[in-house]
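First, one chain by itself in structure tokens, the form predicted alone.
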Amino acid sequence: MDSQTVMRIKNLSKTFPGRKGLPETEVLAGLDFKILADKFVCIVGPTGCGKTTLLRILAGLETPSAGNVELGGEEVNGPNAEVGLVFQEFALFPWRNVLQNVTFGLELTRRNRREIIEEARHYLDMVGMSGVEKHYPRELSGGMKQKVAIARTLALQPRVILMDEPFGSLDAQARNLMQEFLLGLQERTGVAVVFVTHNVDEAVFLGSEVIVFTARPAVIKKVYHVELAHPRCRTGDNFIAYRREILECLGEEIKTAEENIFAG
């Protein structure tokens, strides 16, 4: 594995066994790609094509049926502190305040308590959440909750962060602001990001690469290298051209997925 490759996905497939007499379901079929250091990789594909399943495999939460995932040259066989995972649902503990939510993962390392708190405050400051350490999740907006979730993930200093529709529940304005925030954060930290989204505009705005999956079983249909400097203008001609081409590519697969549903 070369020095620029953080994660390597090799001929990865996943099939779920059938239940109650139903046939097995092949979700992923022979995925093969790399996640490079400092890169922001967005994945789009039809609903149900296996994007979340892929993230769970990369995070070590799910076992592939074939192929493997390597992190830094070592095979991923279970959860790893070097792989962070951020969900759409924020996944904050409601009984813990903001600071306690961020210290949670650090507490498992059995480090000195004072050091843990200082580290947590450092990452809260990094995501612009200083001053709300004693607030509880119920007192925060959706964007604020997601910043806390990201701070908790960053506190473990992962080499790659996997994000599953993290801004899907936010309104359009908050979503745009969080996209800009995340790009700035990724530029400062240099962490590699794998970002699943159904929003093509979001993928073009964020991604250095946009990977389009086919309908289930998912294979890589096309990889777009988005050669636009940041900050990106959503109304610029080049941005719109990328968006149009990816939408057309994805639209074909959405149509196939719908036909498969009705055929089944």
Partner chain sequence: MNRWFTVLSPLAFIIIWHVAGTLGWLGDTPLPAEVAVALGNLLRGEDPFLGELLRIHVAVSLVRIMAGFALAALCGIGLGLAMGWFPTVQIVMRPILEMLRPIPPFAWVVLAILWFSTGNAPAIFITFLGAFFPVALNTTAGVEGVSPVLREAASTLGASRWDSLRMVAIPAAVPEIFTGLRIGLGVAWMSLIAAEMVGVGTRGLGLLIETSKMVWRLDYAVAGMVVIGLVGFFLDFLMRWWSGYLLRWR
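Positions refer to the first chain, counted from 1. Quick caveat, the model's predicted, so the values are computed rather than measured.
There is also a form predicted together with its partner chain; it is not shown, and the following applies to it.
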Margin query: To verify the annotation, which of these, Ile116, Leu92, Leu183, Val76, has a non-hydrogen atom within 4.5 Å of its partner chain in the predicted complex?
Written below: Leu92
Checklist line | Interface residue in the predicted complex among Leu61, Val223, Leu36, Ala66, criterion: non-hydrogen atom within 4.5 angstroms of its partner chain | finding: Leu61
Next item on the list: Answer yes or no: in the predicted complex, does its partner chain come within 4.5 Å of a heavy atom in every one of Asn80, Gly105 and Tyr136?
Entry: yes
Notebook entry, point to check: Quick one: does Arg96 come within 4.5 Å of its partner chain in the predicted complex, counting heavy atoms only?
Noted result: yes
Note to self: Residue-level question: is Arg152 within 4.5 Å of its partner chain in the predicted complex, judged on heavy atoms?
What the structure shows: yes
Check: For Leu170, is any heavy atom within 4.5 Å of its partner chain in the predicted complex, or not?
Finding: no
Notebook entry, point to check: Quick one: is Arg232 in contact with its partner chain in the predicted complex, heavy atoms, 4.5 Å cut-off?
Noted result: no
Checklist line | Interface stretch in the predicted complex with its partner chain - options 122-130, 171-179, 187-195, 97-105, non-hydrogen atom within 4.5 Å | finding: 97-105
